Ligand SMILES: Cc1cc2nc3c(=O)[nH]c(=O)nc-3n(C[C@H](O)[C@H](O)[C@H](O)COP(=O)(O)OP(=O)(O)OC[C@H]3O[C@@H](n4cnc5c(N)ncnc54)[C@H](O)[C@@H]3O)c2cc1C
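Only one chain comes next, encoded as structure tokens, the form predicted alone.
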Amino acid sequence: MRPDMAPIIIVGTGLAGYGAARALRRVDTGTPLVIVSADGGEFYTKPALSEAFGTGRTPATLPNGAAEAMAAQLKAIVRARTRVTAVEPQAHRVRIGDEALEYSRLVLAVGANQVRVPLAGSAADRVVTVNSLDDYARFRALVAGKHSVAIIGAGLIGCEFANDLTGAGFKVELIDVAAQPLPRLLPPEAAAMLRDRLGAAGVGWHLGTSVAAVDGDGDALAVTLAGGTVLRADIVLSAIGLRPETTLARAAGIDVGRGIAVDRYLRSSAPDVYALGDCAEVQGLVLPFVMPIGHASRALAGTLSGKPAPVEYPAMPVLVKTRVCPAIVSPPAAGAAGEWRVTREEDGVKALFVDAGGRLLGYALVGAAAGERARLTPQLPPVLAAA
């Protein structure tokens, strides 16, 4: 097949994969498109998994479209439950076992994996993670009829699950090696309000410690902390963090840093191979959030349709979905020089990160202070300015 007649292949059907496909179809309805998914190919938003109890959604109702519906909508072939086993950049093809598919351009939107730390104990293999709709379906089945969940990791996902599960009536114990929740996003004063509000809702906090072992305790589990404290829970959920999925790219000889290394046009080191979403490292930035995917998808659509467009990231605040304590965060760039200026009020904490000249570089708005998002966001610098 002539390279220009081969389809564009997108690997992945998360927000990045389907987002790129939708953006492409707005500007190009004719180029053949094949989308390959190791999962069921349903369209859903992964952030919805950590608030599904509170929003009354189940694994059956979370998807907004089945694979067949997405294929029709996108005028594409969607191959669900199909795993790409290798990328061969020089031959412009991917392999699915013994099958070879040629591509004109390849888009890797393979997401990120939950970080797993080695744990001792007879039931370490019963620790679960939730990183997909399939994972969530298994988790919902496990917690049915149960009463308590221990969560390892008090970052964004861990706190959101703690909020959701506590609201659904579960007893939740939240464990983290850091001295506060969301240590990468919140200054201590803002983190303290989130901790206190979740604590008042019923979350038990175990900060500054780690899990040493998970053992069976009848039908339940015994979670031994580093200091010797033993917690008992029906389920242990690990939410330590995400690591970009780079296995295919690395095996293909494509440059990899923390994620698949791409330039402002989302081009990897291999010809005609692009990456976006949680798996991508865009000029040193790994941003596993929703808003960057939208900006990257639109830019990539232009590039794939013959009108190259560099990615630009404006300020992109992150919503922390903890209903008992709303929080909006726009962290300063890594290494930014400045200081946090914190105002504590009865119902909120406003933390502004400013440089020596008083210029706003980031913020954390917790509780009632979250209402200042619209006023403050336009004052922030872009995350990735126009080229």
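Predicted model, so just to flag it, every value in this text is computed and none were measured. The first residue of the shown sequence is 1; numbering continues from there.
Keep in mind that the form predicted together with the named molecule is missing from the display, and what follows is about it.
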Please tell me whether any heavy atom belonging to Ser50 falls inside 4.5 Å of a heavy atom of the named molecule, as the geometry stands in the predicted complex.
yes
Please tell me whether any heavy atom belonging to Asp39 falls inside 4.5 Å of a heavy atom of the named molecule, as the geometry stands in the predicted complex.
yes
Heavy atoms within 4.5 Å of the named molecule in the predicted complex: does Val282 have any?
no
Taking any heavy atom pair closer than or equal to 4.5 Å as contact, tell me whether Phe289 reaches the named molecule in the predicted complex.
yes
So which of 106 to 114, 143 to 151, 223 to 231, 259 to 267 is the stretch with heavy atoms within 4.5 Å of the named molecule in the predicted complex?
106 to 114
Find the only residue in Leu300, Val236, Val211, Ile157 having a heavy atom within 4.5 Å of the named molecule in the predicted complex.
Ile157
May I ask you to choose, among Ser305, Gln180, Asn131, Gln73, the residue with a heavy atom within 4.5 Å of the named molecule in the predicted complex?
Asn131
Contact check, 298 to 329 vs the named molecule in the predicted complex, heavy atom within 4.5 Å, ordered by sequence, gives Val318, Leu319, Lys321
